[in-house]
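Here we start with a single chain on its own, the form predicted on its own, put down as structure tokens.
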């Protein structure tokens, strides 16, 4: 395997990131995250007849639902045409004619898009966090910082899937269709399927295997990472009954999320070569 030229990787990554800055993508997504985070945090407990900024556990529980729906969708939209778009525009052959390997090109594109997504996520939720921490106290800093880090990891996992789809797809139309399908499966359908299995099995399904199935979905990993540490919230979500404490280790869950980032990128690398 040839040595990776990180200078070339940096050039590709820088171009991808600056393109997103120039078209105001980072600013727009950051603003969306900030506005939605503040609205959800303030009105998140409206169903219980209360509004306003409450404890950090209730606030994070409210924001988790927002992130699970919004961040994967934005990540998939951001990356689904990263390679297939270049191919359709005819610029991919030009890029590959330069002194750069296919892996360096793919890695540079992923890192540039990841930086744009990470900056938008940290800036958007970070600005909201300043107000939340002012309202809830400095004790909320640690938990809220962990929430932002896990949101970035979730976005990178779905961005990695999007890049994989972009490499495998024959055209942008098919890539966009598969990207939307992935969002529906992992965000909307997957948990419903698991719930259906539990109901239809009438208790015959081994609960010892159920936590492993949750780890096969990065959205579920993100949810567990953020709410398992809060006893009241964990009881509301019902995780205490189906997810053992031994598997709720943040390092284990974080490693599972990193696997979800590296695995699709590995498939994309293999196919792109």
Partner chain sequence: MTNSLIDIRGVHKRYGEVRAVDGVDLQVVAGEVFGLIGHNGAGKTTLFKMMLGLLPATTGAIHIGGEAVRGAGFREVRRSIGYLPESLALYDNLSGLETLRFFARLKGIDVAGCPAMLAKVGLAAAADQRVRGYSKGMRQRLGFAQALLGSPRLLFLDEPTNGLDPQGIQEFYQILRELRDRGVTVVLTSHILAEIQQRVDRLALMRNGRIQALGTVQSLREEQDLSLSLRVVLRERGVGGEEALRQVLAGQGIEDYQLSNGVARIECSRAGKMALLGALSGLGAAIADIEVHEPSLEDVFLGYTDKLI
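The structure presented is a predicted model; accordingly, all values stated were derived computationally and were not measured. Positions refer to the first chain, counted from 1.
Not on display, but discussed next: the form predicted in complex with the partner chain.
(message) To verify the annotation, which of these, 168, 95, 197, 188, has a non-hydrogen atom within 4.5 Å of the partner chain in the predicted complex?
(response) Exactly one residue meets the criterion: 95.
(request) Examine residue 135 and determine whether its closest non-hydrogen atom to the partner chain in the predicted complex is within 4.5 angstroms. (result) Answer no; every heavy atom of residue 135 is more than 4.5 Å from the partner chain in the predicted complex.
(message) If we define contact as a non-hydrogen atom of the residue within 4.5 angstroms of the partner, is residue 86 a contact of the partner chain in the predicted complex?
(response) Close contact exists here: in the predicted complex, residue 86 approaches the partner chain to within 4.5 Å, heavy atoms only.
(request) Report yes if any heavy atom of residue 262 sits within 4.5 Å of a heavy atom of the partner chain in the predicted complex; otherwise report no. (result) Because no heavy atom of residue 262 falls inside 4.5 Å of the partner chain in the predicted complex, the answer is no.
(request) Considering only heavy atoms, tell me if residue 104 and the partner chain come within 4.5 Å of each other in the predicted complex. (result) Yes - in the predicted complex, heavy atoms of residue 104 and the partner chain come within 4.5 Å of each other.
(request) Using heavy atoms and a 4.5 Å cut-off, decide whether 5, 11 and 100 all contact the partner chain in the predicted complex. (result) Yes, because 5, 11 and 100 each have a heavy atom that approaches the partner chain to within 4.5 Å in the predicted complex.
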